[in-house]
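Only one chain is shown below, in structure tokens, and it's the form predicted on its own.
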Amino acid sequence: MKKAVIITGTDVKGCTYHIKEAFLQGLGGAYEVSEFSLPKDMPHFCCGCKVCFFDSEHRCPHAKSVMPIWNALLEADLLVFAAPVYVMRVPGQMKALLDHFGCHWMVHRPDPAMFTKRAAILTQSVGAPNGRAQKDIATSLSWMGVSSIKRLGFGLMEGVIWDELSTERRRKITAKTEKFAKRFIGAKPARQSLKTRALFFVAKQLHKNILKKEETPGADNRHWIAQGWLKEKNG
């Protein structure tokens, strides 16, 4: 069975939670699902130690919280990010998680497993645009090599409490989310987009130039060499 991982950017069981649950309902059991909730499952801000870039993400001081989520992403076919919109942007707890994945960006150590994954971004706000918050997540996913990223956002307008929304409004949100989820049932692995190929090409040229100047390949270029994307220098 295919796998999906859902990361929810709030522990509150409010509007975002109900939208996420509607998405799960729409999937109809087509995926084996694992879930993480923020900040409960990853409460740490990146401290800027850079050990993930210079050495290994396994030595990150927050690896105990970060690595289970990263490994779940690698194993999943579908990546789902659900978050409320705070001041037109993604919540800090979601950004904190994405910051920890910076070492897996194309310019560092991308994992080829990400290149065929599909992703869905679910957001909601009182009435502010959802686009910029969605872009915060989509940018990270794109630079990690994810080619297929679909988005669904809602402006609630009536309020911020799910049970205080009108029955009709809740019905429409639920129906639209379930319909959106059904698009992923039976979906094949994504094909690399032109954007992903372009980012990879630029990153490869960058790493080639860095490798020429390195006496000993650093962590990033060791990864690229191990993947067969670069040739190790002779002598």
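Predicted model only: the values in this text are computed from it and were never measured. Note that residue numbering follows the sequence shown and begins at 1.
Keep in mind the form predicted in complex with a small molecule is missing from the figure; the text below concerns it.
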Practice problem: Give a yes or no on whether every one of T116, S148 and F184 sits within 4.5 angstroms of the small molecule in the predicted complex by heavy atom. | Solution: no
Quiz item: Using heavy atoms and a 4.5 Å limit, would one call L74 a contact residue for the small molecule in the predicted complex?
Solution: no
Practice problem: Answer for T16 alone: is it within 4.5 Å of the small molecule in the predicted complex, judged on heavy atom distances? | Solution: yes
Quiz item: With the cut-off set at 4.5 Å between non-hydrogen atoms, does T10 touch the small molecule in the predicted complex?
Solution: yes
Practice problem: Please check if V107 has a heavy atom lying within 4.5 Å of any heavy atom of the small molecule in the predicted complex. | Solution: no
Self-check item: Option from 120-128, 140-148, 107-115, 94-102 whose residues, in the predicted complex, bring a heavy atom within 4.5 Å of the small molecule
Solution: 120-128
